[in-house]
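Next up: a single chain in structure tokens, the form predicted alone.
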């Protein structure tokens, strides 16, 4: 028996002036599943993502979290409801250590200082950052900064984790360790929505994929179904104009 969705988006629409960036999109995020959102630049996936997070207010449709209407909730209230996210550009607190950066969010969510340190350090070890726990963020490589950004969101063990290009700039080793943590989080019951340009990784990790184009949802299904979908193939091959290109 399938689990009830954590997040339900019903006919979400977001406009910027005359531009419809997200056009009547509906989807569900289900516990123990990774929902990938893929599309070319300008497809609307980041705007949709930011509408989930509360950065943007939807101009139409509604958003339900465990059956509760959160459409008008600001970002901080969505965080309390159980939504956590990463950002494409890491923004750590530069004056705090790597471990302290992770602890801050945990303490803000009600953890004691000792529990926050324990959870933060476990998360950082899982991501291969154990040697950097006492370092300042300025001592990290760009890839390690992305891992720190991921650790801050993942450590909260939210109901819904929003991952924004979390693998970008990582080495192959860092990608493998991060993928292992994503799978582990999924197995604990967290629902994950993930934006990613790396199609290979998307096909390997996602349980379901939503493909977007010009703000519209053009397909949804398993990775295999998306790879075989004629509308998705048309968008990718038509734009890339690369003979023999594969999704």
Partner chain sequence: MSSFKPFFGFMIIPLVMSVCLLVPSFNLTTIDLLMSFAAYAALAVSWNWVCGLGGLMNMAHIAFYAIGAYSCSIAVAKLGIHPIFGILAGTVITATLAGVISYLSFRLKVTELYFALLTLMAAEGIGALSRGFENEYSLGGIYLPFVNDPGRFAFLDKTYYYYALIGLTGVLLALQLWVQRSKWGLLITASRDSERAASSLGVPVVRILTSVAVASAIPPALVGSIFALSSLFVTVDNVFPFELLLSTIIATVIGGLGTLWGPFIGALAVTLIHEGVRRGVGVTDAVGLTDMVYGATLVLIVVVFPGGLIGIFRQLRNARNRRNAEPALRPEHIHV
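Positions refer to the first chain, counted from 1. Treat the numbers as computed from the prediction; the structure is a model and nothing was measured.
The form predicted in complex with the partner chain exists for this protein as well; it is not shown, and the discussion that follows is about that form.
- Judged by heavy atoms within 4.5 Å of the partner chain in the model of the complex, the contact stretch among the candidates 138 to 146, 99 to 107, 171 to 179, 123 to 131 is 99 to 107.
- Residue contact with the partner chain in the model of the complex: residue 119 places no heavy atom within 4.5 Å of it.
- Although the partner is absent here, residue 160 lies well away from the partner chain in the model of the complex, with no heavy atom inside 4.5 Å.
- Within this chain, residue 55 lines the site of the partner chain in the model of the complex, having a heavy atom no more than 4.5 Å away.
- Interface residue remark: residue 87 is counted as part of the site for the partner chain in the model of the complex, having a heavy atom within 4.5 Å.
- Relative to the partner chain in the model of the complex, residues 75, 80 and 111 are all within 4.5 Å by at least one heavy atom.
- Residues 152, 156 are the ones in 139 to 162 with at least one heavy atom within 4.5 Å of the partner chain in the model of the complex, listed in sequence order.
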